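Below you'll find only one chain, the form predicted alone, shown as structure tokens.
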């Protein structure tokens, strides 16, 4: 209980710090929305009324407290572009993004773990060199290039023309698989190199420890050494890699994929909000992402304690 309370307390402090920085950068020093909302030939009374609605006549502390209240009560206001409540925008787009990104994220990590173990097991052989070469090559190719190549090869008449090139008309499992296939393959390809290289380094370090050499000297099989010793003792860095990749993949990865595939998820909404200067949407996305990142960090600490009770 003491460990849990300590982590929660530090998590709350981190939430306050992150939201304070995002508030200062986006809201306090952000663009003045007054004249984009009042239009031309506005009277002084109309301008004052809009500034009051936007909170520009309040102090820094009151505006920051209002920002925190919005985030924690999920009363996020309405989009300046469409007038739709930000809550309904998030409720509509977040499930789409999760359905789009989760398969590629999970498969990319699982394949990275499998290739990392295989590379360590075949260390110094042609298999190890082939996997390492693929990892380096994959890491050197731009995400955007991968997306375009996948679209050309799999989704256009110039290639195999097997899947839709854009859109998200999902009504059943069959249509879901059809629309998610190319984005998933793109995400796997671009993340697999980074994941494989990371996991190989972790497993190689663990495989060189004294207790592994002792187990091998006592005749333990390769499978036992890899699964029971190397993989099990590498759970802490695996959890770290997996958990801290979630906000990055969901936000930045979905922003690029959804923009190029025309998928109406949180990434495309964020991209549209950036281009149009829709501050309520940006405030909600950045603030909630910061809170999610801190919550993931706290959860990661609990998972550390679960897999290794010695961690305090």
Partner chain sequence: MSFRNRPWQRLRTDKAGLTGLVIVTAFFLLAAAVWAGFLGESWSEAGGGRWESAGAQHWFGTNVLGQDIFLRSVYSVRTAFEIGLVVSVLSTVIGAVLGAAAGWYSNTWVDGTIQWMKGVLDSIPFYLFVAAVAFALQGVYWAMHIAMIATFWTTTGRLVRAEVLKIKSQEFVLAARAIGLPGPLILIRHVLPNTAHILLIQSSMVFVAAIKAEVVLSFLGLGVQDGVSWGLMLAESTQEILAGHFNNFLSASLMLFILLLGFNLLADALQDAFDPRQAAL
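Numbering follows the first chain given and starts at 1. Keep in mind that this is a model prediction, so the values were computed, not measured.
Below, we refer to the form predicted together with its partner chain, which is not included among the displayed structures.
Trainee: Even though its partner chain is not shown here, does it sit in the predicted bound form so that 255, 286 and 290 each have a heavy atom within 4.5 Å?
Mentor: So, yes: the whole triplet contacts its partner chain.
Trainee: In the predicted bound form, does residue 137 have a heavy atom within 4.5 Å of its partner chain?
Mentor: Yes, residue 137 is a contact residue.
Trainee: My question is simply whether residue 145 lines the interface with its partner chain in the predicted bound form - judged by any non-hydrogen atom within 4.5 Å.
Mentor: So residue 145 counts as contacting its partner chain.
Trainee: Classify residue 64 as contacting or not contacting its partner chain in the predicted bound form by the rule of any non-hydrogen atom within 4.5 angstroms, answering yes or no.
Mentor: Looking in the predicted bound form, residue contacts with its partner chain do not include residue 64, since no heavy atom lies within 4.5 Å.
Trainee: In the predicted bound form, does residue 184 have a heavy atom within 4.5 Å of its partner chain?
Mentor: Output for residue 184 is no: heavy atoms all beyond 4.5 Å of its partner chain.
Trainee: Considering only 204 to 233, what residues come within 4.5 Å of its partner chain in the predicted bound form, judged by heavy atoms?
Mentor: The stretch touches the partner through 205 alone.
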